[in-house]
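The chain below stands alone and is given as structure tokens, in the form predicted on its own.
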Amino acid sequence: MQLIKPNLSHVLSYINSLKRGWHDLPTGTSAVSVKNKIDEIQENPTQFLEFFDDLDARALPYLLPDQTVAYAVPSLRRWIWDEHKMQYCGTISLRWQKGTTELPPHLMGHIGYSVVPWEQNKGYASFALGEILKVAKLQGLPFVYLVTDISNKESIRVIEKNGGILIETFTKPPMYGSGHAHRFKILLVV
């Protein structure tokens, strides 16, 4: 397995994952929105790939499922790729604001990840998180926050395996469903 910045040859595998009913779009995204995303990618895959490295936060604002406007922050996104099967397995992203460890209200953590259901429990998330932590350190972040639902035992294990320390349990904002979540901190500078 490896983390890749995808190119045109990788896009079809991602689209096939979307067509199987899975997506890495914001929680609450409708099936119609996923279909629209597939159409968008197929119409202009080059544009889709353009913002995987958005160090200057050039991406356009976007709407969360509750219609909250979310603005871009500097970010890097990578795909978890099985080089033997030549297959997309998941996404991991790192986002931050220059000069601070604070995040805007629409982002609960510095890192988000998702693995397709048919490739879960194979170590992909743990691997990807370990790799993106190296990138976060290179960006000068002294620590990162990660958030997961309190019922997501697999994600909790992944975060703890990578040095995550539980710092709080809280109620997520309405734009994320208002459920209970854990916030973890991973120190990058010791």
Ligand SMILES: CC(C)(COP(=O)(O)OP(=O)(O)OC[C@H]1O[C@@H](n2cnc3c(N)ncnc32)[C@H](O)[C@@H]1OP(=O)(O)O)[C@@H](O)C(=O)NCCC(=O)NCCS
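One rule holds for the numbers: they count along the sequence shown, beginning at 1. Everything numeric here is computed off the predicted structure, so don't read it as measured data.
This protein has a second form, the form predicted in complex with the ligand, left out of what is shown; the following refers to that one.
This chain is displayed without the ligand, yet in the predicted bound form the stretch 140-148 from 51-59, 29-37, 66-74, 140-148 comes within 4.5 Å of it by heavy atoms.
Although the partner is absent here, Y113 sits close enough that one of its heavy atoms falls within 4.5 Å of the ligand in the predicted bound form. Although the partner is absent from this view, E160 stays clear of the ligand in the predicted bound form, with no non-hydrogen atom inside 4.5 angstroms.
Q97 falls outside the set of residues with a heavy atom inside 4.5 Å of the ligand in the predicted bound form. The closest heavy atom approach of N121 to the ligand in the predicted bound form falls within 4.5 Å. Residues N152, K153, E154, S155, R157, V158, K161 are the ones in 150-173 with at least one heavy atom within 4.5 Å of the ligand in the predicted bound form, listed in sequence order.
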